[in-house]
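Okay, so here's just one chain, in structure tokens, the form predicted on its own.
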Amino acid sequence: MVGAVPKERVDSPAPGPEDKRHAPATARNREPIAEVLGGWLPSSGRLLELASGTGEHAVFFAARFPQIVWQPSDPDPLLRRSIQAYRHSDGGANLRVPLDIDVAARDWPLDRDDLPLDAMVCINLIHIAPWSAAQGLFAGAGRYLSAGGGLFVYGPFKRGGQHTAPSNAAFDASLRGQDPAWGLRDLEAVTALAQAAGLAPPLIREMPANNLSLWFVKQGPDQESAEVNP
């Protein structure tokens, strides 16, 4: 649904330090991601982060880009509580209360006043979720982004059906061992989802630890698709 969603609410009891969760990868990748985001995000506007996890990225990026209203979200109530704990201790005025959003759902609970969105961010999700999550992510980008707005996706990918490093192949096997529906996605298949949703092929930046940063821009009716970067 799209309707009246409160921008603030009172938690009872308020989350404290004991509610904070920690993802070790966050401290390693937040600076490289922020550098790339700085070149792609608009100078101001409304941004939705999907699968915000612990909230460590949200509080860091919201501080790095104070002119952007940063809306975190996660379907896990314990992770939303962690986001709130970081928000209460370290968040600025531009960091919103987390929303309960499942990217695979047909409708997301967004406030009409916040639409269309200027940007969306999704970090390390689609390889640790079923393919329906990737489908839902790009469908949502097509529904809710403004023309010219962008979707940022970060994580490991296959290219041309092949892993880009032995470590990625081992990681993929480990993920599929945990859940056969998980695993590294083909960049070409993800790009096809984007194009079906009205987004251009991505700008691509290679990142540390054999990850990629991808930036998919929603096209207007008169925009032509860009070529995928080599």
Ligand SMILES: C[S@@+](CC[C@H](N)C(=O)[O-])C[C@H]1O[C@@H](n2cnc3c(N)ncnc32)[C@H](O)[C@@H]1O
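In this text the structure is predicted, and so the values were computed from the model without any measurement. Counting begins at 1, following the sequence as shown.
There is another form of this protein, the form predicted in complex with this ligand, and it is not shown here; the text below is about that form.
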- [ ] Heavy atom within 4.5 Å of this ligand in the predicted bound form: which of 153, 103, 145, 95 fits that? Just give me the one.
- [x] 103
TODO: May I ask you to choose, among 90, 118, 76, 111, the residue with a heavy atom within 4.5 Å of this ligand in the predicted bound form?
DONE: 76
TODO: Among 186-194, 157-165, 200-208, 50-58, mark the stretch whose residues have heavy atoms within 4.5 Å of this ligand in the predicted bound form.
DONE: 50-58
Open item on the list: Can you work out whether residue 135 and this ligand are in contact in the predicted bound form, taking contact to mean some heavy atom pair no more than 4.5 Å apart?
Closed with: no
- [ ] Indicate whether this ligand has at least one heavy atom within 4.5 Å of a heavy atom of residue 128 in the predicted bound form.
- [x] yes
- [ ] Find out whether any non-hydrogen atom of residue 85 is located within 4.5 angstroms of this ligand in the predicted bound form, and reply yes or no.
- [x] no
